[in-house]
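As structure tokens, one chain now follows by itself in the form predicted on its own.
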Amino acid sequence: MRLLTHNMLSCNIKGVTKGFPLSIEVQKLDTKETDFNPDFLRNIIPKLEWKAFHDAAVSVGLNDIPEQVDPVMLEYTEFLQKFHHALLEVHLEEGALICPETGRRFPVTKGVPNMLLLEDEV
């Protein structure tokens, strides 16, 4: 699971009001090289919840992502390469996503998050 995917997921248990962002529990990370596309990166930034992305990157050991992004940074290849690596190349292969409100763990197996709810959570 890429950090891009993580930024779009939330806990949808009935009654939960603060289901985003999910915490990440890492058991196994993998790096998979992808083509660098600066235009895609510039266009995706406004769609991301940056603080959640930053915190997720830190939780998987990527400490070179800034806490805030400035539009000027989008012109620097070095920043875009670090952003690209964190967003698209780092994959959570095994671990869990944890609801910030309930503590419910959603397992991630072979890179796929299982966000299915139990019957009493719907």
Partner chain sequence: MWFLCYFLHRLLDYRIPEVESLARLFLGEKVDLKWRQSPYHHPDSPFYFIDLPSEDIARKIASRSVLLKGIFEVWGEGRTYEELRVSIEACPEEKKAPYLTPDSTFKIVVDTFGKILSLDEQTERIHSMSYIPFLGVVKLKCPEHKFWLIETDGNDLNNGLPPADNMSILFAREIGVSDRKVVVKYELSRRNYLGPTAMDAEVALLMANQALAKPGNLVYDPFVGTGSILVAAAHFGAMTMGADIDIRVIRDGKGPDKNVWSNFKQYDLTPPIGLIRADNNVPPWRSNLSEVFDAIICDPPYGVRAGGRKSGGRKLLQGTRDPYKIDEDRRKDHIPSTAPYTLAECVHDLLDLAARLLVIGGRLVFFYPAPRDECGEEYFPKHPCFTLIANSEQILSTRYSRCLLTMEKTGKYTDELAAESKRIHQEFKDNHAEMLQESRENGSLHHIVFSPSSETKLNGTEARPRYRGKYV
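Computed from a predicted model, the values in this text were never measured in an experiment. Residue numbers count along the first chain shown, from 1.
Below: the form predicted in complex with the partner chain, not depicted.
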property	result
Site check 31, 56 and 98: each within 4.5 Å of the partner chain in the model of the complex by heavy atom	no
Interface residue in the model of the complex among 77, 63, 68, 43, criterion: non-hydrogen atom within 4.5 angstroms of the partner chain	43
Proximity of residue 86 to the partner chain in the model of the complex, heavy atoms at 4.5 Å	no
Contact of residue 23 with the partner chain in the model of the complex (heavy atom, 4.5 Å)	no
4.5 angstroms heavy atom contact with the partner chain in the model of the complex for residue 48	yes
Contact test in the model of the complex: residue 102 vs the partner chain, heavy atoms, 4.5 Å	no
Heavy atom contacts to the partner chain in the model of the complex at 4.5 Å, residues of 51-87 in sequence order	none
